[in-house]
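Next up: a single chain in C-alpha cells, the form predicted alone.
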Amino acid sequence: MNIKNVTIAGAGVLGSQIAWQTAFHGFNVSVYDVFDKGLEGGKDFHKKFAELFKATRGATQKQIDDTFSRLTYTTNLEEAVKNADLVSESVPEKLEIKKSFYNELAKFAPKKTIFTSNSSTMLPSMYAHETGRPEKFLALHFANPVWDANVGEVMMHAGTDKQYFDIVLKFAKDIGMIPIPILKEQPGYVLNSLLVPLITAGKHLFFNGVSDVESIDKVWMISTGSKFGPFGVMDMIGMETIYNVGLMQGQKMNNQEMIDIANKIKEDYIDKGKTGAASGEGFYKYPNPAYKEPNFLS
C-alpha cells in the first residue's frame, strides 16, 4: 500500500506539528478539527512553523510554499477523510471522546484507510472495537516537538494485522521519524514509560512545597544534560493533557494526592489561561522561558 493522502484529526499542539511534518515531507494532508477555533489555531501554528523551519532548519521558501500547498483544513469529518490512506488521531485524552470519534470516523473513512492513534496514555485495544477495522488500527505516537524529538513509536494491539504495522513503520520513516517498533501493548509506550514518572515526581516536589519549579528543572538539566526539566516538558505537552492524564492516573490508582494535584493544575493554570507554551504561559512565560536563558544553569 502506498500512502499519499493523510488526515490529521486534531489541530492542537501535537496534531498541528504532525500535520506540518507530514506535509513538509511531501504528503497531502487534510487537517480536521471539530471546532473552527481549533482549525484557526492550527493555521497559526503552521505560520509559526514555517518561520521556524526557515530560521533553524534551512528550509527554502519553495519548500515552505509547497508544504502549504499540500495542507487543507476542514471541520467536516466526511470531507477530511474521503481520500485518506491513513488517519493520525490526536483528539483529547479522554476515553469517551476517543470512542465517539472512532465511531464517527468508521462511518466515513474508505475501507482502505489505516487508523492510527497518537494517544500518549491509552492502549489501542481500549477503543479498537469502535474503529470497525481493528486489523487496520494501531498506535503511532509522536514526541514534542516532532522534528527534534523525532521518534515515531509504532505499537500494535493483539488484533493488528502485521502488514499494516509494517506500512506504518515505513510511513513514520518517510516523514522524518526514527521508527520505534513496539511489538505488544505497553501503557506509555517506551517514551512515556520513562517520562511520566519524571513528570509525576516533579509535580509531587513542587505542589507539596518541597522545591520550586526552576530549581527542580535545574537539577534535572544539570545532572542529565537534558535540554528541559519536567516543568519545561509539561509546558510543551500542554496543561490540558497534563491535567487529564494526572486525573485519570489518580482515579485509576485511587491516589488522592494525584487527583488533588491535577485539580490544582486546573485551578491555578488552566482556569487562568496558562495552558502551556502554546498559550504564552504555563509554568514559564513564552516565547523566552527562563530555562533557555544562558545563565539558567549557572
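In this text, rigid core is short for the largest set of C-alphas that superpose within 1.5 Å between two forms. None of the values given here were measured: they were computed from a predicted structure. Just count from 1 along the sequence shown to find any residue number.
The same protein also exists as the form predicted in complex with a small molecule; that form is not shown, yet it is the one meant from here on.
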With the cut-off set at 4.5 Å between non-hydrogen atoms, does residue 110 touch the small molecule in the predicted complex?
no
Does any heavy atom of residue 270 come within 4.5 Å of a heavy atom of the small molecule in the predicted complex?
no
Please run the contact check for residue 161 against the small molecule in the predicted complex: heavy atoms, 4.5 angstroms, yes or no?
no
Tell me, yes or no, whether residue 90 is in contact with the small molecule in the predicted complex, where a contact means a heavy atom of each within 4.5 Å.
yes
Which of 272 to 280, 5 to 13, 21 to 29, 286 to 294 sits within 4.5 Å of the small molecule in the predicted complex, heavy atom basis
5 to 13
The small molecule is absent from this chain, but in the predicted complex, do 98, 101 and 119 each have a non-hydrogen atom within 4.5 Å of it?
yes
Would you say whether residue 236 is displaced between this form and the one not shown, judging by a C-alpha shift of 2 Å or more on the superposed rigid core?
yes
Residue 150 C-alpha shift between this form and the one not shown of 2 Å or more, rigid core reference:
no
